[in-house]
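Presented as structure tokens, the chain that follows is alone, the form predicted alone.
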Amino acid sequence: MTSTVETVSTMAEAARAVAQGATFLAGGTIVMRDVNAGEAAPRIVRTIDPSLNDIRISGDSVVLGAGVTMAQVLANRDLEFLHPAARMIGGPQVRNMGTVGGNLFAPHPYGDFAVALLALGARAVMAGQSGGRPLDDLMRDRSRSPALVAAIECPRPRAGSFGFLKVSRVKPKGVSVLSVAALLPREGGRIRGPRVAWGAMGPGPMRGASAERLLDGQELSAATIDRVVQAAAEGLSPPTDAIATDWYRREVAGVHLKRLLEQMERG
């Protein structure tokens, strides 16, 4: 199939094109694969709007333009809490091109950066719309959403309250057997409002409700961790693919969640 690529000046113009069925081209790490395979949409649109590359940091809040690359994240010291996830996205060439916004729509088993953002409680700012949309909602609807993500609003976690782990068979840039991220805010030594997110454990990044329920209100102790890992895979629906079976992913989910939580316990 032959595709045409249009370049527009603003996000508003790009959003209108996407609403009419066009495919948006950012870094190209996903779309160009379809182009090379002859499977891309007939109309592709890109924009030179500079806002796509903005990084704004104010207090405990970070706003990342959807076109910010993994390499840009890694180059920014104020985004150090996101470095473990960004570093796990492909090799240098992919990190130089792959974008924050594009990773939200990466198909299984990709999208590890989106897992980190989901655990952090980030929100997606859609082009032409005011206010942010919770990533929880976007992850559920991403396959049928015609809207265009303009930016990501992300809170900066307190030191020691956030962790990320990716498991792959090929080092250092293999695709995920699974990935897991956890945000564990604490008050008086107890966890309040935890968020756990998984990658490659469902059709897209998803929350680990069972783990969150068992962590909430508890101290991060060995006893708590042991209870949590027993329920690690509850409510998840891991697929079988060339990397791992659904059975294997369920079996190792608790092992790797335990490793992450123990790392966070040690600080």
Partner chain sequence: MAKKPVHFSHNGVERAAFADDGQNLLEFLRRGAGDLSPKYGCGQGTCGACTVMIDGETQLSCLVLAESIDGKSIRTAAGLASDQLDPLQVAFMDHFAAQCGYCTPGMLVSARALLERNPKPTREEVMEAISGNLCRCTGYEPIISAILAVAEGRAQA
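Only a predicted model underlies this, so the values are computations on that prediction, with no experimental measurement involved. Residue numbers count along the first chain shown, from 1.
Beyond what is shown, the protein has a form predicted in complex with its partner chain; the following relates to that form.
S.K.: Considering only heavy atoms, tell me if V35 and its partner chain come within 4.5 Å of each other in the predicted complex.
M.R.: Result yes; V35 sits at the interface with its partner chain in the predicted complex.
S.K.: Is R46 near its partner chain? Define near as a heavy atom within 4.5 Å, in the predicted complex.
M.R.: Yes, R46 lies within 4.5 Å of its partner chain in the predicted complex.
S.K.: Quick one: does M97 come within 4.5 Å of its partner chain in the predicted complex, counting heavy atoms only?
M.R.: M97: contacts its partner chain in the predicted complex.
S.K.: Can you check whether G28 is within 4.5 Å of its partner chain in the predicted complex, heavy atom basis?
M.R.: Judged by the heavy-atom cut-off of 4.5 Å, G28 is in contact with its partner chain in the predicted complex.
S.K.: Each of T4, T7 and K173 having a non-hydrogen atom within 4.5 Å of its partner chain in the predicted complex: is that the case here?
M.R.: Yes, all three are in contact.
S.K.: Of 87-95, 121-129, 178-186, 149-157, which is the one stretch near its partner chain in the predicted complex, taking non-hydrogen atoms within 4.5 angstroms as near?
M.R.: Correct option: 87-95.
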